[in-house]
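First comes one chain, alone, set out as structure tokens in the form predicted alone.
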Amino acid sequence: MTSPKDNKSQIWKKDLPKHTFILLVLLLELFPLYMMLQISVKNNVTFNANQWLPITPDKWEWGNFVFGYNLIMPYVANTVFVAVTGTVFTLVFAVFAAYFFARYKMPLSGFLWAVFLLIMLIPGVANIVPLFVLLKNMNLLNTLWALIIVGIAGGQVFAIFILRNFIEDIPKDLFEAAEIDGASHLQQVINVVLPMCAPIIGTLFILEFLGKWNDFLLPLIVLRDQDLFTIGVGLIYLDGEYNKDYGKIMAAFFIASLPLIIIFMFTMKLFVKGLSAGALKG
């Protein structure tokens, strides 16, 4: 008869390869963050002398973070405006469109839905030239509204595709009860759809926000004034202008990544809850 101590030892030996693999993956994922942090407190002398290992705190260059903060904050403000505005309007339009596709059948609604599915197969970069011409004709070049409008349009397909399946799974009795009580379509969306689909809407908000925050190609093509740069474009120009001051560059990169880290930390439960709700739907 084995003792509890022996059982724990056997379990530990059995799980050792799994835990080792997870630890290696975590170390691999955190390695860029480690490099960014330890380089951000160095000057060029200490960086060239020791690129891989941290230095003693008495040699830290805190001025790098002051420089990075002053440089990156205008880009952060532009990116927050574009990402938040684009994400909110994307989900507002997507909820109403998904409600239509899920609740009502009309001539050509199946055709329209098939068109939406086909659009998902088209890479966004394939439309970059006609999109640039369209924005030029609309006098939207070198404006943040160009990024917002394109972001709203580009995010519709995926959001509608996800939300339609969730709305279809809502019991029809809830909608019928709302109609008997005299609820309009808007009231049904607010009082039935939004509460029932809150987890997946939260998940879509996170995904859409991250996508718009990390967008690089369109801002690089559309924006010309440095005052309008988003984070992706601003950091690229920072690398080209200050490519010899690695400490300042990494400090700016770290400050730029902080909003995403904070958002991910505070929305992790909501994100997992939305994914879990989607898994249970099937």
Partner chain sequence: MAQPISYRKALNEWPLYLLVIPSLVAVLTFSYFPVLSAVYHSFFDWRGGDAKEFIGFDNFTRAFSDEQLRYSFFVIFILVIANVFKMIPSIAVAVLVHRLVSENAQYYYRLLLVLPMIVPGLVTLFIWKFFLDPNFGALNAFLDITGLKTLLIWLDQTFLHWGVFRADAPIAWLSQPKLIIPSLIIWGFPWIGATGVLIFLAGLQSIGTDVYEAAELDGVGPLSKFFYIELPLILTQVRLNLILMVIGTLQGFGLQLLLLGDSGGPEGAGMVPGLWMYNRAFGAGEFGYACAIGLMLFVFILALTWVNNKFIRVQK
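If you superpose the two forms and keep the largest set of C-alpha atoms that fall within 1.5 Å, you have the rigid core. Computed from a predicted model, the values in this text were never measured in an experiment. Positions refer to the first chain, counted from 1.
The next section is about a form of this same protein that is not shown, the form predicted in complex with the partner chain.
Undergrad: So in the predicted complex, does P130 come within 4.5 Å of the partner chain, heavy atom to heavy atom?
TA: Yes, P130 lies within 4.5 Å of the partner chain in the predicted complex.
Undergrad: With the partner left out here, check for me: in the predicted complex, does some heavy atom of G182 sit within 4.5 Å of the partner chain?
TA: No, G182 sits far enough from the partner chain in the predicted complex that none of its heavy atoms falls within 4.5 Å.
Undergrad: Report whether the minimum heavy atom distance between T143 and the partner chain in the predicted complex is within 4.5 Å.
TA: No - in the predicted complex, heavy atoms of T143 and the partner chain never come within 4.5 Å of each other.
Undergrad: So, in the predicted complex, is T85 in contact with the partner chain at a 4.5 angstroms heavy atom limit?
TA: No, T85 sits far enough from the partner chain in the predicted complex that none of its heavy atoms falls within 4.5 Å.
Undergrad: Heavy atom within 4.5 Å of the partner chain in the predicted complex: which residues of 21-52 meet that condition, in order?
TA: F21, I22, L23, V25, L26, L28, E29, L30, F31, P32, L33, M35, M36, I39, F47, N48, Q51, W52, in sequence order.
Undergrad: Taking the rigid core as the superposition reference, indicate whether the CA of L26 shifts 2 angstroms or more between this form and the one not shown.
TA: After core superposition, the C-alpha of L26 moves 2 Å or more between this form and the one not shown.
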